[in-house]
Every structure is written in C-alpha cells, then in structure tokens.
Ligand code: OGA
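For reference, the chain that follows is the form predicted on its own, supplied as structure tokens.
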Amino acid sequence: MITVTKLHPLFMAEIGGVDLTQPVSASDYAAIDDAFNTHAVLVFRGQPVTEAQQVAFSKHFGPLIPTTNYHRKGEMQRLRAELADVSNIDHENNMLPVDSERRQHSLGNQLWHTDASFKHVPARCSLLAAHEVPPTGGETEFADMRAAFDALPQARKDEIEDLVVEHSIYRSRERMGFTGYNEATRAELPPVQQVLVRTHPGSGRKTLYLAAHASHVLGWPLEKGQALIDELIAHATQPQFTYAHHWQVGDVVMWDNRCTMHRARPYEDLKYRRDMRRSTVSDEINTVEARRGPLADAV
C-alpha cells in the first residue's frame, strides 16, 4: 500500500510501499500520480533501479526526452539514450578532468532552473536516480513555484499574468562563464517562448514558470524584463518556499518541472564521484500554444 509522508509544509513528500524495481500496478500508479499533483516533488528511498527499470517507471508519466550531447567532440554516451548523465564520470568510468566541456556545461545546473524550459515543448517531470554520492555536498534544492505565486501581491500577479518570456540553454551556461558551443548545437536549440504564469493541470493552481534559462520578457525593454525575472526568482527561492534533499544511494526523486525549480549544490567534484541518472518526461505542448488554445489558431 502506498504511503505518503510530507517533508515540507508546502510541498515535497516521501513515498513508501512501492518497489520501483518491479512493474508498478495501476492502483499504485494512480496513488503516486495523485501525490505528485499535490506535493510536486516525490522522494523514493531504497530503490536500486537499473537503467531499464528507471525508464519503464518514467514512461508511466509520458514520453521521454532523448539526451542531447551538445555535439562534444569524441565524447561517447555512458548511458542509454533515454537517460541524461548528471554525473562527473566519463564513458570509461573515470572522473571528469577540470577542463572537461561536460563538466563546465554541468556547472549551469547550480543555477535555479526547471528542466528543458529551453525546448519548444518543455519537460513535464524529471526523475533522478542516485547510484553513487559524495560524502558531503551535492544536495539538490527545490522551490515550490505555486506557493511563490500565491504569496505575490495581487497587483504583481495582475501585472505578470499574461507575460511571455524567452528561454535559451545558452543563457544559463553563459551566466556561468561557458560559451563553448558550436553552430550545430546553437541551431539545434534556438531560443523559445514560454509563459511566465501557467495553470498546473493536475492541481488547477497557478504557478510561476521560471528558470536561469529565461533571458527577457517579450515586449518589454531588455533591462526591465531581466530585472523582473531576477526579482521573481529571488522571491521564489526564499527559505519558506525551498527544501534541500540530501541524497542517499538508492534514492529516486521525481519533480514536476511545471511548478518547481531546482538547483544542484556544489561538491568536491574533482575528488569525489557522483553518479546520477536522470530521465526527463516531455510535456504535451508549448506553454504559449497551450494558453492560446486550438480555437485561436483557427481564427
């Protein structure tokens, strides 16, 4: 029987009573999905899933987004195509050197973000499985963007309700000082537009939709839009809206990219190994197109 234990007054819950190394029954999936729509981030402890088992469970929630390798020269994938390698280990099981492009690219994960907001059809949810963790550091922090929206003054809510923001993977990486992308990569992932406020379909709650990938507000002066984005991210990541997950081997953590942000915390990545494998489930439609609706396209 599925058990749900709250970890934070606003969001986050630990799920018990299920074995993710085995096929999940329809009733268990329904209970997990209900908890997911309520708590936004779910923690499953003691789940030593294989790559295939993680992929099988993730597919209950929708189609998976394949891994993007960012056209790094000579780099081979360590994991199957459905999984992103969120680790400091290469395909020969060696730790990444200080000048590794993948290491430099991954530093952007330390900024507050939501996965794949830089894709035209963004991510619905992500599932991260811990296979090896450092003795200290390397936590993942989460922020509840529904509660952050609720806490805004009504005048601010009214002002931002209909705004559209441009997102780009290169925006977040450049903020961390990494610009080593070739033209093929930039052509593959051009900037996209996403709404700033969306309604979460599973709960009906309004939520901010933000990330370090967000660059500017359409129709606003550049500086004014960037200032708004920075202000809202600072508001949403106040302590009352956040929770830090301390990883254990065998943890699987699932989060809703439509109504949370997250960031990786630093650790001594040139000294300790960290082997984390992420599956990312696609949403159904671009957020601007979802707001517009099918009737608007027919007009």
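Residue positions are given as counts along the sequence shown, with the first one as 1. Just so it is clear, the model here is predicted, and its values are computed rather than measured.
The protein also exists as the form predicted together with the named molecule; that form is not presented, and the subsequent description refers to it.
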property: Interface membership of Glu166, the named molecule in the predicted complex, 4.5 Å heavy atom rule; result: no
property: 4.5 Å heavy atom contact, Asn109 to the named molecule in the predicted complex; result: yes
property: Touches the named molecule in the predicted complex: Leu152 (any heavy atom, 4.5 Å); result: no
property: The named molecule contact at His113 in the predicted complex, heavy atom, 4.5 Å; result: yes
property: The named molecule in the predicted complex: contacting segment from 59-67, 258-266, 235-243, 33-41, heavy atom within 4.5 Å; result: 258-266
property: Partner-contacting position among Leu79, Val86, Leu189, Met95 - heavy atom within 4.5 Å of the named molecule in the predicted complex; result: Val86
property: In the predicted complex, the one of Cys125, Leu128, Val217, Val133 near the named molecule [non-hydrogen atom within 4.5 angstroms]; result: Leu128
property: Any residue of 264-292 that, in the predicted complex, places a heavy atom within 4.5 Å of the named molecule; result: Ala264, Arg274, Arg278
